[in-house]
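The chain below stands alone, shown as structure tokens; this is the form predicted alone.
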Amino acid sequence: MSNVIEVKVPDIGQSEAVDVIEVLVKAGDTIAVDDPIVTLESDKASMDVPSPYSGVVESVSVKVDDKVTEGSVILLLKTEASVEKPAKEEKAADKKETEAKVAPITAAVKETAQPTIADNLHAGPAVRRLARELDLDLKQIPATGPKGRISKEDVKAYVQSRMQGGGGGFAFPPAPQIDFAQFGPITIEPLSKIKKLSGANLHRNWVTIPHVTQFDEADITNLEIFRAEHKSEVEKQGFKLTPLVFIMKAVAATLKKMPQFNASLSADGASIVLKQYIHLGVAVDTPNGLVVPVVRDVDKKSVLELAAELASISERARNKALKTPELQGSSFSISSLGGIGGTAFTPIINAPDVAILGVSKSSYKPVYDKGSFVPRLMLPLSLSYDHRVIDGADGARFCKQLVEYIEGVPLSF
């Protein structure tokens, strides 16, 4: 038989009225024993009040900012439990049993009390518990509740904004402040403006984008022979014919065949923006730091046109003569360390691009061909891509197709 009972504020350890700062249930909710129903706050602590019975909430008698004391009615609960007997029939044993039931409830309320004055944060135990489970710093969460209180909705909104890339990701502990002079002589040099700006972008991209890097090699033996044969001819025109321009042409051809790499993820993370143009950002090493100017319409330009433009834009990058539009609008990026060294590396995606190609220093390796090993000039490639947009199978296919284009790129001007 169903009973409708009053659920009241239990013994909370003080006689003064306390504030109701959060109502956790509403009419029609089904609750279980020990489910929190309201959060109360005194001058010294906040506490969740658990339900002593299970059932369906008929109505709620309190609201946020109400003041309550022990015995105040919180809600009416429809329950199947047998909760009390007429006073004249109640025996001493029944009274002891009732006290035994109430004692754990009072203890639970007192156990959940947590100070809010020490950290100057207004948040109930349930919110604090949720923040601990998600490893969040409550100080970073904007409060929208009454009297500057942090609610569960605030926590959820904060998490959602970080999942969508807002604000630069979850908060990390600050770097420790170390006096390095205690270990020996030091010199302090300020970072250049470029490194400060690019550092913030690189950190954001690394934290907010799930990177995967695919490694491969391309045989550029024939390409290098062609390049060496025409080296002096091209240099007379005032620029160099580097392997990078041939790689750019191969990348453009691969992007046409696999357009999901020539794209960006929408701000809400719900769709992909496929670009009908191929503008390649090319990382340039300058005395002041890394700069990524953009070469536009790579697929529509010849090898010589790209070589001339790449020489011009790289020189202006080193001389700080680039204009803002020349640093914007890339659809894919290339970072080449081939002129320096290394066998492979993990390039960081240049958002909002979804992929970047790293190029390392080529070297001769023995390659088995028609029954014998022959020396071939092999070029290491490192493709990093956004795993939200591109899966591993497509990453492998892209590398395979790119290698085929590099090895078979038309050796002509």
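In this text, residue numbers run from 1 along the sequence as written. Just so it is clear, the structure is predicted and the values come from calculations on it, not from any experiment.
Not on display, but discussed next: the form predicted together with ligand CAO.
At the 4.5 Å threshold, heavy atoms of residue 336 reach ligand CAO in the model of the complex.
Heavy atoms of residue 308 never reach within 4.5 Å of ligand CAO in the model of the complex, leaving it off the interface. Contact check for residue 37: no non-hydrogen atom falls within 4.5 Å of ligand CAO in the model of the complex.
Using a 4.5 angstroms threshold between heavy atoms, residue 318 counts as touching ligand CAO in the model of the complex.
Checking 251, 77, 74, 282 against ligand CAO in the model of the complex, a heavy atom within 4.5 Å turns up for just one residue: 282. A single residue from the set 131, 258, 244, 294 has any heavy atom within 4.5 angstroms of ligand CAO in the model of the complex; that residue is 244. With ligand CAO omitted here, the record of contacts in the model of the complex names 339 to 347 of 297 to 305, 272 to 280, 186 to 194, 339 to 347, defined by a heavy atom within 4.5 Å. Along 228 to 242, residues 231, 240, 242 each place a heavy atom within 4.5 Å of ligand CAO in the model of the complex.
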